[in-house]
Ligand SMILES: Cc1cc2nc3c(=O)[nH]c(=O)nc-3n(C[C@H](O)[C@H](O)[C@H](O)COP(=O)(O)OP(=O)(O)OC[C@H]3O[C@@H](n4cnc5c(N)ncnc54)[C@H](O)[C@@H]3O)c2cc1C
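What follows is one chain in structure tokens, specifically the form predicted alone.
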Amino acid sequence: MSFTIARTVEDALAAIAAGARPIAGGTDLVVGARHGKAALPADLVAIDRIAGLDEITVGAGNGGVTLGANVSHHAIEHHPVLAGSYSALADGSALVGSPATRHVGTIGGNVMNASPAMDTGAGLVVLGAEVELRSVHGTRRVPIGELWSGPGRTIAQPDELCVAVHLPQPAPNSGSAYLRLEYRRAMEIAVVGAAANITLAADGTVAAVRVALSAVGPTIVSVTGLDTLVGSVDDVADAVAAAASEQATPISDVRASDRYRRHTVGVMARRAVVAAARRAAGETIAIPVNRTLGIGAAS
């Protein structure tokens, strides 16, 4: 087994091109190996010391935000711009694992791990995120919803490294939220989860809505058929709940049945729409929504 410490992106890409697997926080790779899910790769390259990959750049591109791949969940949860304008992502990051996990776990690792139950994925989808992939041959940007091809799988080539996540500037009068159904408050995986991004018209009705679901399909599920859905918040929330339950394709396992997940994801989607609309209207709902509104496991 070889272990290389990369100091630059170019060093990391060279090692990856030679067959090494990148590692930063290691909260998925190392824990998975300890639990016997998969052996550690024969060759590893540490990317946690590469300057710039842990930076949050506000005003990048057309006024959006760029997250370096090594930005931690703790940094996302507590960043004022992300908590205020990209709340669904901050909600999700605040629910990841334990405080220790959130301090070392990275957004790049979370995205590339491709778990359909990840807490950041649905928020990234409704916020219109793109992932920047780089190799020795060049760079490309992929819409986040197109990145995941199945549980634990992405369309990234073996020699590509996720170096950044790009978030566009939010629309005026918009707000977002992510919440999940959970059985306990820490070190939990979502039973189901839902994120919503809402834009309000001048009269307070919904002008646009995007919704994505976690833990109810082989990848994060982007709810379709919402492009023309407008009207009162309650009416839109009801329609979203029905669409979410209909489009979910959950499985039954030791944590929940498919029937239970199909019903409760509609409930979570409705609550996400309402919370996002409240934020869009100017109300402050602290991160994460689950804790502030008393949703999920009791303390």
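When you see a residue number, it is the position in the sequence shown, counting from 1. This one's a predicted model, so the numbers in the text were calculated from it and none came from an experiment.
Another form exists, predicted in complex with this ligand; not displayed. Remarks below refer to it.
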- Query: Of these, Ala248, Ala241, Leu29, Val65, which has a heavy atom no more than 4.5 Å from this ligand in the predicted bound form?
  - Reply: Leu29
- Item | Residue (of Thr101, Ser135, Ser222, Gln169) lying close to this ligand in the predicted bound form, criterion heavy atoms within 4.5 Å | Thr101
- Task: Spot the stretch among 222 to 230, 197 to 205, 157 to 165, 75 to 83 with residues whose non-hydrogen atoms come within 4.5 Å of this ligand in the predicted bound form.
- Result: 157 to 165
- Message: Can you tell me whether Glu188 touches this ligand? I mean in the predicted bound form, with a 4.5 angstroms heavy atom cut-off.
- Response: yes
- Contact flag, Asn113 vs this ligand in the predicted bound form, heavy atom cut 4.5 Å: yes
- Heavy atom of Met268 within 4.5 Å of this ligand in the predicted bound form: no
- 4.5 angstroms heavy atom contact with this ligand in the predicted bound form for Ala14: no
- Query: Is this ligand close enough to Gly128, Arg141 and Val211 in the predicted bound form that each of the three has a heavy atom within 4.5 Å of it?
  - Reply: no
- Since the partner is left out here, which residues of 94 to 116 would have a heavy atom within 4.5 Å of this ligand in the predicted bound form? Leu95, Val96, Gly97, Thr101, Val104, Gly105, Thr106, Gly108, Gly109, Asn110, Met112, Asn113
